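This document opens with one chain alone, in structure tokens, the form predicted alone.
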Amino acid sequence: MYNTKIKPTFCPGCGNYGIKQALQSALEQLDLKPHQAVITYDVGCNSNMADFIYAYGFHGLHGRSVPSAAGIKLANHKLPVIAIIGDGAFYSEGGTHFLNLMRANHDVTVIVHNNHRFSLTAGQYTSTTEEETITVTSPAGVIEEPVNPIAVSLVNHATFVARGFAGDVKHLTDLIISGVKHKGFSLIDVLQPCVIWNKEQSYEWYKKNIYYLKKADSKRQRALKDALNEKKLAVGVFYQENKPAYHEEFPALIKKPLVYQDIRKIDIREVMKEFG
């Protein structure tokens, strides 16, 4: 149902295949037809997915798929909105959007393809690349400390914080379903092997270095212990909190979404005079 006629062009073995499969499986299990959800896309290998998934979509600029998702949700509250983006785009160029959409609790689900590289453009390091890693843009090794997106989310008021693994499609599918059902900002950071530019963190490496959380914590401080674990990477839902989403508290949108507001009788001539 969700496949287009265009065959995926990801590299053989790319983690994007697993994420695509999990997303399509989640949409199917949520019983969402292609016209009943919107997916926004960024720039990168991950967002080539726009050609491969049959659903309403919007292709944004680098680091900007998330504000596009928020705008769509504000216009039509009934639509589930999912943002596809990479770690380089979201935690670097899109960092301001990352922070502000979380603290406002916009009702969007963000799936971050985190391979610790700008893989579409020859494997430059990103803000999640480990210190001392050698890449084409860090020939002497990365100097900066890596961003910990899970920890940042927990201390910045995100109401649904999760991490998945592209090599475990069933588990990732369940995370996406939970994220879409959650009312508010949902972060799903996905450990995505890149078989070309990050051969160190392979499928086998991740399988040896991840552990599964049993259930979401109700205390941010406790969830932070797993987020800050430097020996192994936790996958699962770290934290979940129920609180009103942004559109449920914004006065002009509480009664009726923008898409259902009649604008035929609005006269903007007086406003436009100053620009004439």
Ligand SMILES: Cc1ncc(C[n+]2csc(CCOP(=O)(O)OP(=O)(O)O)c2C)c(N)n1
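Don't overthink the numbering: it's just position in the shown sequence, from 1. Fair warning: this is a prediction, and the values are worked out from it, not measured in the lab.
There is another form of the same protein, the form predicted together with the ligand; it is not shown, and what comes next is about it.
Of C45, A26, I53, V237, which one comes within 4.5 Å of the ligand in the predicted complex, counting heavy atoms only?
Checking each option against the ligand in the predicted complex, the one that comes within 4.5 Å is C45.
Note which of S153, T129, T109, S119 lies within 4.5 Å of the ligand in the predicted complex, where distance is taken over heavy atoms; exactly one does.
So the residue touching the ligand in the predicted complex, by this definition, is S119.
In terms of non-hydrogen atoms within 4.5 angstroms, which of the given stretches 179-187, 161-169, 100-108, 79-87 touches the ligand in the predicted complex?
Of the options given, it is 79-87.
So in the predicted complex, does any heavy atom of D174 sit within 4.5 Å of the ligand?
Although the ligand is absent here, D174 would stay clear of it in the predicted complex, with no heavy atoms inside 4.5 Å.
Using the partner position in the predicted complex, report whether H62 sits within 4.5 Å of the ligand, counting heavy atoms only.
Contact with the ligand, yes.
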